[in-house]
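Only one chain is shown below, in C-alpha cells, and it's the form predicted on its own.
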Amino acid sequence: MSAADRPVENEIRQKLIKEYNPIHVEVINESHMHNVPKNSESHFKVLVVSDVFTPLSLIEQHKHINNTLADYIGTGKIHALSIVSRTPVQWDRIQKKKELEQQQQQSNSSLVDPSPSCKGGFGK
C-alpha cells in the first residue's frame, strides 16, 4: 500500500511532525484489528517523542496531542486514537533497556536449555 493509499495516516503524521518536531514519531493504523471495511483508516495509535513534553504531565501531553488532532477525533475522520508520548530522556531510557535485553537474549542463546533456578538447596 502506497502513501497515497493512506491519506489520513499521512496527514496525522505531518501534523504531529509540524507541531512537535519529534525525534521519533510513529502513526500506526490499527483499523484492521476492528470490525471495519478493508483498508479503513479509523483506528490509530501514535507514538510521539518530543522535547515539547518535558515540562508536561502525561495527561497534559495527551491533551496536547488530542488538541493537535481535534480535526480528526471529533469529526468522524477517525473513530479511535491511542496515544503514547515520551520525552527524549524517557525514550533514551527505554531504548537502552531494550538494547540490554537484546544483548542478554543473544548471550543466552544456546542449543541447550538453561538450568532451572535454584530452589534454595538442602531440602528447602
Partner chain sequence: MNCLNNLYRASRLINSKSVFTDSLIVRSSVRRFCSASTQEQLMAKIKQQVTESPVVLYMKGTPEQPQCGFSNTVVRILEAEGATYTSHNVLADSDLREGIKTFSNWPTLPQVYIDGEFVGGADIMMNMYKSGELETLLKNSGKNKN
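Positions refer to the first chain, counted from 1. This is a predicted model, so every value here is computed, not measured.
Just so it is clear, the following notes concern the form predicted in complex with the partner chain, a form of the same protein that is not shown.
Though the partner is left out of this view, V27 does not reach within 4.5 Å of the partner chain in the model of the complex, counting heavy atoms only. Residue contact check for L58: one or more of its heavy atoms lie within 4.5 Å of the partner chain in the model of the complex.
Taking the partner from elsewhere, L81 is found to have a heavy atom lying within 4.5 Å of the partner chain in the model of the complex. L47 falls outside the set of residues with a heavy atom inside 4.5 Å of the partner chain in the model of the complex.
Not one of R93, K97 and Q103 places a heavy atom within 4.5 Å of the partner chain in the model of the complex. In the model of the complex, the partner chain lies beyond 4.5 angstroms of every heavy atom of every residue of 88-103.
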